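A single chain comes next, written as structure tokens; it is the form predicted on its own.
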Amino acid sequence: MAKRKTLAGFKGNTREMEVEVPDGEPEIWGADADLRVVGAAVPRVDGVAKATGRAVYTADVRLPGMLHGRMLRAPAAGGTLKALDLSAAEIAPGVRYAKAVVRPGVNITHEGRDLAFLVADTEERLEAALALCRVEIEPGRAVATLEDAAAEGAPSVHPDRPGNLRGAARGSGEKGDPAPAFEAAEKAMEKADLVLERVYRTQVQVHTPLETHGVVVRPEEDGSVTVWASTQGTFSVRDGIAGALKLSGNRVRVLTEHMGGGFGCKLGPSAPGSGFALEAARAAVELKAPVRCMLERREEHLVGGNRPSSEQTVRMGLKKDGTFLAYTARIRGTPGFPEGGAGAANPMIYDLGRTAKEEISVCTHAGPQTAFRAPGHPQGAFGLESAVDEAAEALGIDPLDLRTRINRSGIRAAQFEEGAKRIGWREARRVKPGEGPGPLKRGVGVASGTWYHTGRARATVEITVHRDGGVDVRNGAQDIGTGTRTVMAVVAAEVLGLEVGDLRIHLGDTTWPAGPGSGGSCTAPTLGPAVRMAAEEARAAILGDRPAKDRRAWAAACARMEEESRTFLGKPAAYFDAYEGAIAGCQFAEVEVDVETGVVRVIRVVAVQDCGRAIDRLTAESQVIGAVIQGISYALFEDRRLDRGTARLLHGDLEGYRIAGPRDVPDIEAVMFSVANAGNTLGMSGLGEPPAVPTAGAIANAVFHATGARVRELPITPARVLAALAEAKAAKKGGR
């Protein structure tokens, strides 16, 4: 390890830092780095392939002799499997394989539970065979809602473990018995001038990637297996299928050339709802033929994963000047049948005095919670940011001013100032909540979010330089649509003095060097430094002490190589000593609310987001815009609905499950707040998750400013807006 000095921070606020860097690492790109390509707006390197349809997705793969597989799923939730008869399906035309994956007597935890896997020679024959399977379930009571599942006498989702509550708690950041933390917080509140208690609720949001979960598995003549997978983790799929087939990892090749989205639900074949992948592999090997299995949209909604719901009871004590003395949050959520994972990241970013938090997961007879773009944060931010707004309103303090007082981040302080100026905060807030003219009322709101510096995963990037000057950059990880290929190309082009189009970027093949799964916003900040290290090795070997100027100089140097090609490896150590301990971001939303119909329309969002150094500004802005659209969809529309009596899904397509469409997308201004954070040799951080955090909170606060009525439950539907308006009117009348 060596100590190196670098200039860290952001424009107008930099400082020299001394960072311990492992030996062999390149110099850190500090705030004063003179960079040619990095930070520019570079179009996606795979953009033309995607726009023209040349890009191959797992759903596009068609192989000679390919068969079709699908999971037979439980038609109801609750109860016990009494009988499973596949005999009629086994002899149906075209059926090649029918295998039960559970035995009679198994508990039916949710509609859609895996029962059997069938394979046929056409999709039509497969559909007919599934209808011939006889499934007999001994009925049992099902619980679909948090309230019903938590009630005394409710049926247990897991009968061998009585009760549906699974808990964890902490106070002031410590795990353990919550009682002392809550006692300390309540004691602190005794000195408060104002104590507020509020309840905020968020819904279940299902993953809705354009490309559903799916695999195509082909057994090879030598006993190995090739898998095309729509996955966020090529290597985790490789390892999972290798384990299921009892093969060594190098006997399974996983390919993900392109994929149609994944927000945390596609991290491996053992993820909830992904058991079909292992069964497809087993069937393909037994049948000695390729097997394709892609989930239908209803299956995706049933078992593909979701963001769990939350019910957040928040209690806060404040002084008249806005100082928080204490903040407590008792949080319950429904993860479906899994026994945990329904917490909410709340509190997280402000100075709230003594804090205490209790998180309880309440099992229901429903499909599984999974990681979903900033797990726990959007629901937690909605609760926290709504509570801070309510405190500001009660104290007569501008909501942005209160946040500025309790804010802990220097980066966020500058972001608040930038965003307020761009949205016109001071001018808009001259109008008091609900007092705008006419039935179409405008309002603005603000909310913040945080995430973590990522890139601690280890990865190796391989760069091959050819005598003709061509450069190939390879890693086995996947680009899930976030622009990883482009980020890698920009970094390599910067170091080698080339243009982005001069490089060939290869991703998504496990025969290439190992890379990370795409989770936790770690892919780009893991691969970026590895690309740079390999490129620096190549530059030094090919150019020596000469500067990397342009492609002509590079090609001339490569022509003098003795070999046809040379390969260089970049495998940086994982280290972090960042400028600030976490990523900061804030969003300002402007909405228009029709107080006669309750319809909310988002007019504009200004998202000021830190991602460290933005490697490709265009890709970074695209990430932020996409996250905001998803946040709008969460705030206003998305809501998984189950029948309360049977826990059966009430929708199975994108007509019944509403997501934001083109007409719902407002003017979105993505402000990339570049911070040279010294966390790695590029000074970059991940970006996939942080901009998804504040959107719903900012919209909810804007709705209050527009109407003077607080909606404390997502999604913010017209009915809830009208109910909040009626409640506010009644309260005002009663106050008189």
Partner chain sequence: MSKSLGRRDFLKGAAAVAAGGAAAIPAVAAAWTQEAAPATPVLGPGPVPFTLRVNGKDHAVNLEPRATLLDALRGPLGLTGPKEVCDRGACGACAVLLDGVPASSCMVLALDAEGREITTVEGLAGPDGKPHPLQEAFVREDALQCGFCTPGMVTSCAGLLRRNPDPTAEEVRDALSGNLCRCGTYPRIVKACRSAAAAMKGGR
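What you are looking at is a predicted structure, and each value in this text was computed from that prediction instead of being measured. Positions refer to the first chain, counted from 1.
Keep in mind that the form predicted in complex with its partner chain is not shown, yet the notes after this line are about it.
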| Do Arg332 and its partner chain come within 4.5 Å of each other in the model of the complex, heavy atoms counted? | no
| field | Exercise: His207 in contact with its partner chain in the model of the complex, heavy atom 4.5 Å | value | yes
| Is there any non-hydrogen atom of Pro662 lying within 4.5 Å of its partner chain in the model of the complex? | yes
| Does Glu286 reach its partner chain in the model of the complex if we count a contact as any heavy atom within 4.5 Å? | no
| Is every one of Arg44, Asp60 and Glu124 in contact with its partner chain in the model of the complex, taking contact as a heavy atom within 4.5 Å? | yes
| task | Within 4.5 Å of its partner chain in the model of the complex, counting heavy atoms only, one of 542-550, 517-525, 358-366, 480-488 shows up; tell me which. | result | 480-488
| Ok, Ile629, Val471, Ala459, Val314: which has a heavy atom sitting within 4.5 Å of its partner chain in the model of the complex? | Ile629
| remark: Residue within 4.5 Å of its partner chain in the model of the complex by heavy atom, from Ala33, Ala55, Met66, Val37, is Ala55
| field | in the model of the complex, residues of 364-383 near its partner chain [heavy atom within 4.5 Å] | value | Phe372
